[in-house]
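What follows is one chain in structure tokens, specifically the form predicted alone.
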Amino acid sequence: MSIQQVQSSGIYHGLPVYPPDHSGLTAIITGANGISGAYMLRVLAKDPNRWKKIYCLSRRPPLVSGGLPENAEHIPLDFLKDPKEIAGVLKEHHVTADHVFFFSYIQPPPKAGSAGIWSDAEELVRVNSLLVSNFLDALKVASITPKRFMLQTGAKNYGVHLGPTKVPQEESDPRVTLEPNFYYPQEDLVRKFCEETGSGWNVCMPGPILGAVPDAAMNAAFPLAVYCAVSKKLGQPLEFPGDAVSWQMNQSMSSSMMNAYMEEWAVLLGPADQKYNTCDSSAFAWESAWPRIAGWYGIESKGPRDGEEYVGNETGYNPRGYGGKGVTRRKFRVADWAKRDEVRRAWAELAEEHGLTQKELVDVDRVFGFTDGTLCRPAPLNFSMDKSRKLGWHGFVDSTESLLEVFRDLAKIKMIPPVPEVKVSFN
């Protein structure tokens, strides 16, 4: 019989207790200013005894209230540069790394005439593979060999962006090759590097990410918070854009903080050379979450009702191979809503009133398109967490409770107005 100790930190429960001999470690966090890297920094910085030095590699420094922690150093780097140039900077700063956490990502614009934010699959593969290969080559040139290399990918590993997939999604599921997927060459590059250097690897795959950082890209929370704040400003109900199927669709949400806790566990206590689904382990559907979110703003929650008209959109593929392609049905897209004149005026007034960083809504299709996909799915996103639980991971957070914490953090960094929190209740 094995005995494991777990602990809670605020709303996050079932977190590991690390042995005291896990100390004096060094880490590299790439993409440290992004929605995942910034939270990885927050988690590692909690224990400077365990993590004596954290190197934050990104073009821009992480936004940290009060400045970077004492055990962290930001080094500006662009991984599209030549590996020898990157290695030179690493050597100059005497960078060492017991563990690497790789989050760097570039989102190219969609193909002309396409509403899909991942429509340019070839360019996604080219540029994001280059980020990984340049960095790995730079590590070799700089003679940096980590014990473990953690690569974060995501739910697109299963083809969920293409259409309905097998459920639950399990780490052992085969690759979906209906069109190019940049996750696969990234994984292959990391595995090859580890085979050549003797490092271990892990791949962690979150679903829709909830976090608070200045860049709104790939963030399901920020556009939703904008929708709530503007709806309240206009005296309108919080109307769910999808049909009853989307309203009740099971969905594995992935809070940035919980992802980071799990990724730390993966490299320190989990076995090497493993892929993990990475999520909140919280039963989540908009049917339960939506009224709670509306309650925070003191406005009416309006879900699907009989007799309403919807526009159906069919997925391009059917990855599961049976039952036909998937269909999403919407009354409207939040990305289109954000372009309305009354919405833009209301946001401008809120931005002026509260001194917000974004005076106007920009890059609307990319930013709000991600939330449209999170609100209305063609099939369930139901991550199996069986594998990681068997190996000793027990982390959990209520996704709706986490979403409120993220809204509060977005308000602190002046991305959104303060959340009124008129009515706050959880299960």
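Only a predicted model underlies this, so the values are computations on that prediction, with no experimental measurement involved. Throughout, we count residues from 1 along the sequence that is shown.
The same protein has a further form, the form predicted in complex with a small molecule, not shown here; the description that follows concerns it.
- With the partner removed from view, the residue among R191, K147, R330, K156 that has a non-hydrogen atom within 4.5 Å of the small molecule in the predicted complex turns out to be K156.
- Though the small molecule is absent from this view, in the predicted complex it lies within 4.5 Å of a heavy atom of just one residue from W393, F370, W51, Y55, which is F370.
- At the 4.5 Å threshold, heavy atoms of M258 stay clear of the small molecule in the predicted complex, well away from it.
- In the predicted complex, no heavy atom of V311 sits within 4.5 Å of the small molecule.
- The small molecule is not shown here, and in the predicted complex it never comes within 4.5 Å of any heavy atom of D173.
- Interface residue remark: I209 is counted as part of the site for the small molecule in the predicted complex, having a heavy atom within 4.5 Å.
- From the list 289-297, 87-95, 138-146, 182-190, the contact stretch for the small molecule in the predicted complex under a 4.5 Å heavy atom rule is 182-190.
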